[in-house]
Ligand code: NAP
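Below sits a lone chain in structure tokens, taken as the form predicted alone.
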């Protein structure tokens, strides 16, 4: 049994993680941390109609030291996630991170810590297996159709833009484009930002509206043709198989691992 702690356990994603882990025979939830509803049993939070013996706690480090998890799943807040990751790493716990908004300098610091202390950390912009395939297909398409734009659409409570998935997709596509320039050189934005954010010559557009969960399309343009690769997560349950898989597959790895594709096929 893999001993798992959930950080941000009372959030929308956190509750789904709790539900998924309670149903997996290879994982055991030993602790749950959230500033809200501290003291409540996770069985009550999930509406199971009974207590399961794991109560929400408010302090991450004390919970780690008391319950000694092997893995910490984190779906919290961009401003809190790096501190949570470092707390876990210092205490010998493997973070499995779905919180987005981690900066490149933060990634570098986490990688450096893992290398220096022979620690392990897994950071994933998108736990949906379909989204991973979408990014792979987009990277392949960029070799032949380098003119590309990305549109990502999320619910209006998402705190960061562009999404981590869009940024990773852009990075993967850019690696195949060899500094491709696109669009008219004299293009003028009559309203700043109308053409979206720029990443290595391609454009990323972020949509935030109620009703969406997580969606992305990558549009490639060529002579006389358009190719659109799109993925839609219609419910948060779509991320759970990837979360559970990561909790299992990350055991035994070393260093900073980024992206679910690094664990698929093993």
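It should be emphasised that the depicted structure is a prediction, and the values quoted were computed from it without experimental measurement. Positions refer to the first chain, counted from 1.
Beyond what is shown, the protein has a form predicted in complex with the ligand; the following relates to that form.
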| item | value |
| --- | --- |
| Contact stretch among 111-119, 172-180, 68-76, 143-151 - heavy atom within 4.5 Å of the ligand in the predicted bound form | 68-76 |
| Contact residue in the predicted bound form, chosen from 197, 219, 35, 46 - any heavy atom within 4.5 Å of the ligand | 35 |
| Proximity of residue 135 to the ligand in the predicted bound form, heavy atoms at 4.5 Å | no |
| Contact of residue 89 with the ligand in the predicted bound form (heavy atom, 4.5 Å) | no |
| Partner contact for residue 10 in the predicted bound form: the ligand, 4.5 angstroms, heavy atom | yes |
| Residue contact check: residue 106 to the ligand in the predicted bound form, 4.5 Å heavy atom | no |
| Residues in 94-132 close to the ligand in the predicted bound form, defined by a heavy atom within 4.5 Å, in order | 98, 99, 100, 124, 125, 126, 127 |
